[in-house]
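Only one chain is given next, in C-alpha cells, and it is the form predicted alone.
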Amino acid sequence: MQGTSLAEKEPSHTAPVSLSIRNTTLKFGGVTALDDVTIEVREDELLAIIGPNGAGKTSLLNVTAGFYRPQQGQVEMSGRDITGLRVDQVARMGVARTFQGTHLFAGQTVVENILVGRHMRMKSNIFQAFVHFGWMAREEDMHREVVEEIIDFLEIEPIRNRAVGTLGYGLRKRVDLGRALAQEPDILLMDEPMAGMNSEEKEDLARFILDVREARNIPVVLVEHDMGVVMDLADRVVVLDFGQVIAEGTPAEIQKNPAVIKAYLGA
C-alpha cells in the first residue's frame, strides 16, 4: 500500500466532534460485546477501529447506526442524541454505512442499486412514483443526476447498466460505497471494506476512500483488519479488545503500544 495515503493535512485535535459514543455497554445475554466504551470522532479525521476477532468492532458500528440499542451509554451526532433511534432515523440524521458483505440487490443494475440510497431523500411515495410527470418527474431526474455524479466519481460508468450479481467482488464493494454516498451522509461508517479483496482492488478502494474524505469533507470511521491499510489511511486509531478500548493514538503510536501488541500476539 505504499504511496496510497494522499491526505496531506494533519487533523486538528481541537476540531469539533462529529460523533460521540459515551460510556456505551452492549450485552447479549451473558456476553458483553461493548464494555463502557467511549470514543469521539472529529469532523476532520479518518478514524480506524481495530482489534482481534470478537473485540466488538462491528457491534460498535451497529450501535452507532441504530441496528443495536445499548443497555447503557449515549450516542450523539453533532450534539444530537441518536441513541436508540431506528436505522432509518439514524440514516436521516446523516449516518451512512457500508457492510462486511455487499448487501446489494444482485438482480438489479448498478444504477438501480445506487438509486436505492436516494430513497430517504425522496418526497414521492410508492404510488406517486408510478406517475411520471410534473414535480415527481423533476424529483426523479434530480435523484438520477446525483447517482450519475457518483458513478462518475467512482469510475464505474462502463458497468452502470450491468446487474450487480454479475460483477466481481471489488466492483460490488465500490457499488456498496456508491449507495452509501447517495445518502449524502455527514459521517461514513465502513465495516471491513477491504475484506476479500486482492491488492489491486484494495489500492483502488483506498484511493476512493481518500477521495470521499477530500471531496465530501466528512469524517470516515473505518473498521479494518488489514494493518497496512489502517496505517496508510488513518489519522487516529482506536483499539478494542474484549469489548473495551485498550489503546488510542496515531498509527505510529499504536504500532508501538505494548497492550496492542499483547492483544494481537498474545504475548
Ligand SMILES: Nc1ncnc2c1ncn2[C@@H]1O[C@H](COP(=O)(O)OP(=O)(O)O)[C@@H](O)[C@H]1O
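Predicted, not measured: the structure shown is a model, and the values here were computed from it. Numbers follow the displayed sequence, beginning with 1.
Absent from the display: the form predicted together with this ligand. The rest refers to it.
Colleague: Among M231, N257 and Y264, does every residue place a heavy atom within 4.5 Å of this ligand in the predicted complex?
Modeller: The answer is no; none of M231, N257 and Y264 reaches this ligand.
Colleague: Tell me, which of I39, A206, V63, A55 has a heavy atom within 4.5 angstroms of this ligand in the predicted complex?
Modeller: Selected option: A55.
Colleague: Given the stretches 24 to 32, 40 to 48, 195 to 203, 213 to 221, which is the single one in contact with this ligand in the predicted complex, using a heavy atom cutoff of 4.5 Å?
Modeller: Flagged stretch: 24 to 32.
Colleague: What residues, if any, in 152 to 189 have a non-hydrogen atom within 4.5 angstroms of this ligand in the predicted complex?
Modeller: Going through 152 to 189 in order - heavy atoms within 4.5 Å of this ligand in the predicted complex - there are no hits.
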